[in-house]
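So this first bit is one chain, no partners, the form predicted alone, shown in structure tokens.
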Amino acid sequence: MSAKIGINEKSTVHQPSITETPKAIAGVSTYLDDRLGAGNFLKRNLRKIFPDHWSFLLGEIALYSFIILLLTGTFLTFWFKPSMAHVVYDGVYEPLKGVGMSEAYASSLHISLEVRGGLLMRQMHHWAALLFVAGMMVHMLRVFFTGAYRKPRELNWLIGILLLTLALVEGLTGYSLPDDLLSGAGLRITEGVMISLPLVGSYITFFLFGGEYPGTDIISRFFTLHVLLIPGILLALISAHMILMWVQKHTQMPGKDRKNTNVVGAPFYPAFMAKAGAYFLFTFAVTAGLGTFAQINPIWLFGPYTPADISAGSQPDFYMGFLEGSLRLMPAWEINFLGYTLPLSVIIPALLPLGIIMTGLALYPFLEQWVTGDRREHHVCDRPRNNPHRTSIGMAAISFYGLLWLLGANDEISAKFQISLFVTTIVGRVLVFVLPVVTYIVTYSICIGLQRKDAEVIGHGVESGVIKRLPSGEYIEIHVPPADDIADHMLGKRPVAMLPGAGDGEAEPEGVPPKALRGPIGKLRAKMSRAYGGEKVAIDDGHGHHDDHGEHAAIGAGDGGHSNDKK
């Protein structure tokens, strides 16, 4: 028997509310809850809110590149032979037939030229390694410039620095495995740096190489480090990094309804999962496209490594370029003391630039906290312009790194532009000190200018394109208030915290500065706090909204523990 619905009858479709758990989650949660008691955990975490901002996806590039590295690296280990045993090549590449080489180089040629898909996997692996390091660098810059390293995320910031350092070592060990002429030249530089270390250099070198350079064990030991030890540590640190980010919740950019006590965005399921899945596929597609169409590291053209040979114009991967540049800029300088020779022309460029950058990054959250006294929790990011000193310091460091990276190719620059190599070296030695200072000054001026522009937009509105003629005959353009989302973004600005008593003319009632600001160190701290903190350009929207010039840090506990997610 069939039933008919009349034209006046209406069928209703159930529309789930925002707070209602989707069936896909509810079903899985119920199944797991009946067996593992994990239903509430899944319901709570699959609806966790993630903020929407394009810059938050920069770290995903590094994560997805690491996954691609694991997949392609596993493929390569099936055929690669980590041995320095001498063999005579008898493969398909005619120019090298009959040439003596290590088994590692011969197996690399075999993967590249004879294994089906081997060259694609090799090149994807290499491109993914570059993306992995580049993704971490860009992600770290985003975190630094927006102040996302502040309490309670200092530990995660340190984990990120350790991840970047390990990634550089991982890249070095993997770059050296094929044992071709180009990677061998880089390995020779590495050996020179290690043996130059005072007291322990020769012991470390003999241990790693298994004897006099080049030894017989370096490839097998680098292989163990590259495929087992370092990836395991990286995997553990990445997991810890993600867990901390999940527990502490994600930072968000300033805007409408965004506070330290909430997160405005979309739920992990389905919105963020769909976005993340698509972004992984996009990253994989870019890596596969580069591996297919952009040749990288054609080892068959370089030939096997021999200590007596070196190729002209050889350059390392980009992440090691700044160390190459520092070695090329450093003048010859040795010290002989108590029978020991200290080759400072190698020790200083090898350790000092990397030490300045990594140590500075690690200490910065704590130095900033010491200068400003700011021990509050921060879950809303700063716009880079709103903390001009931090932004200027970051840009100065980038210019320092970038100059060293560029001058790692000073021979190529001299050859291409017909400039004396001596001139490029001398100019580089001057610029390595001058350029960061100039960059700092220019960046600070730009940040202040951008703050003034924001204040002008909030105070006077934006141009409407409507021209009005006044009774006097003068023509003016009508200004209108900015859009709500733009205004909220700008009004999210807060002054950089200062130490209590560090402001001009501030002291205790008796005219004595606070105890923490007495003495030479205290006075220096007060001056640094005055310069670094405070409001540089106040914003007033005409309705009493402005930032107090003298806002101070809350020296005590943070402004709350757990925050609520908001859709």
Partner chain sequence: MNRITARRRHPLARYAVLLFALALLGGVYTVAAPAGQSADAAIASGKVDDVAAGKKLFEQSCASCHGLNLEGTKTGPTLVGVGAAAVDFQVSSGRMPAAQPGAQAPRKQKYPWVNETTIRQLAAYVQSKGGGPAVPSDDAVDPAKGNSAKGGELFRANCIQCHNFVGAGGALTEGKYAPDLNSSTPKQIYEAMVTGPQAMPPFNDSTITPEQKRDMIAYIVEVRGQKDPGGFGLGRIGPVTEGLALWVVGISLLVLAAIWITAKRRQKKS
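Positions refer to the first chain, counted from 1. Predicted model, so just to flag it, every value in this text is computed and none were measured.
One more form of this protein, predicted in complex with the partner chain, exists but is not displayed; see below.
**Item:** 4.5 Å heavy atom contact, residue 94 to the partner chain in the predicted complex
**Value:** Residue 94 belongs to the contact set for the partner chain.
**Message:** I'd like to know if residue 174 sits close to the partner chain in the predicted complex, meaning any non-hydrogen atom pair within 4.5 angstroms.
**Reply:** Output for residue 174 is no: heavy atoms all beyond 4.5 Å of the partner chain.
**Message:** residue 131 versus the partner chain, in the predicted complex: is there a non-hydrogen atom within 4.5 Å?
**Reply:** Residue 131 belongs to the contact set for the partner chain.
**Prompt:** Does residue 463 make contact with the partner chain in the predicted complex, using a 4.5 Å heavy atom cut-off?
**Reply:** Taking the distances in the predicted complex, the answer for residue 463 is no, it never comes within 4.5 Å of the partner chain.
**Item:** Stretch from 338 to 346, 191 to 199, 110 to 118, 205 to 213 whose residues place a heavy atom within 4.5 Å of the partner chain in the predicted complex
**Value:** Selected range: 110 to 118.
**Prompt:** Of the residues 436, 402, 303, 231, which one places a heavy atom within 4.5 Å of the partner chain in the predicted complex?
**Reply:** Looking at 436, 402, 303, 231 one by one, just 303 meets the 4.5 Å heavy-atom criterion.
**Asked** Which residue, 222, 149, 127, 322, has a heavy atom that falls within 4.5 Å of the partner chain in the predicted complex?
**Response** Partner contact (heavy atom, 4.5 Å) among the options: 127.
**Prompt:** Along 264 to 301, which positions have a non-hydrogen atom within 4.5 Å of the partner chain in the predicted complex?
**Reply:** The stretch touches the partner through 275, 278, 279, 282, 283, 286, 290, 291, 292, 293, 294, 295, 296, 297, 298, 300, 301.
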